[in-house]
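This document opens with one chain alone, in structure tokens, the form predicted on its own.
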């Protein structure tokens, strides 16, 4: 039975192993069982599921996941946490612990080794690598059902906003291309040990069976999107023209914008996902 998830038990484990929090790994352990309840409930875990947990820490959420899921694969980069996980997860025979960097792990191989069915990701993500992890999960076409994660509040906001807002950018478009984002709950900084400087948010990304738009070349679409936001103060045409990897001229972009009924001085932050897709498809067709 799960024994962690509160300040007292977390403190006891940390003191027993004389564990030192390492800032470079963004370690903040959850000490609020009510938040854990909301994460587990929103992830809709069943005994048929294989769960990938990124950054299990001392195993607080891992215990709860193991009690609900068929299998749990927990990837932890900090070798100093492995002895702790060996103790806190000793009663669970359905947990596999990998002492690896999630950005270097072949997640598709993990999926294949655990039945090949789409997995669910559940994690309290380190703030410093949240975006690379999310992008890797989607862009590498990992078979996913959903991603239920706790992230910095500002990052969660960026995932779900639309055009014309200051938080709108490449992450917003990428997430909304692949999944439906849904805010589950806000999490104050006081729910963690040590206490971070910012509040967090639990967000669930439910993977679309089919993207809501049709890109002729997905990789090209996201190259266009990233170039459009690399220099937010420049017009979209200048941003794309200055991106050496695209080999697109400003005049060509402006002509395409006119064809779409958009002003030539428009900025990337004004375009919807549908408009970015149309723009990338049109430019790609002209380059063929």
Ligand code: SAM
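From a predicted model like this one, the values you see are computed outputs, not experimental measurements. Residue numbers count along the first chain shown, from 1.
FYI, the form predicted together with this ligand isn't displayed, but the following is about it.
At the 4.5 Å threshold, heavy atoms of residue 110 stay clear of this ligand in the predicted complex, well away from it.
Within this chain, residue 77 lines the site of this ligand in the predicted complex, having a heavy atom no more than 4.5 Å away. Shown alone here, residue 124 lies within 4.5 Å of this ligand in the predicted complex, counting heavy atoms only. In the predicted complex, this ligand sits beyond 4.5 Å of every heavy atom of residue 49. Here the chain stands by itself, but in the predicted complex one stretch of 49-57, 222-230, 254-262, 236-244, 49-57, has heavy atoms within 4.5 Å of this ligand. This chain appears without its partner; in the predicted complex, the one residue of 159, 102, 73, 179 with a heavy atom within 4.5 Å of this ligand is 102. Of the candidates 142, 170, 129, 84, 129 is the one whose heavy atoms come within 4.5 Å of this ligand in the predicted complex; the others do not. Contact annotation for 4-31: residues with any non-hydrogen atom within 4.5 angstroms of this ligand in the predicted complex are 25, 26, 27, 28, 29, 30, listed in sequence order.
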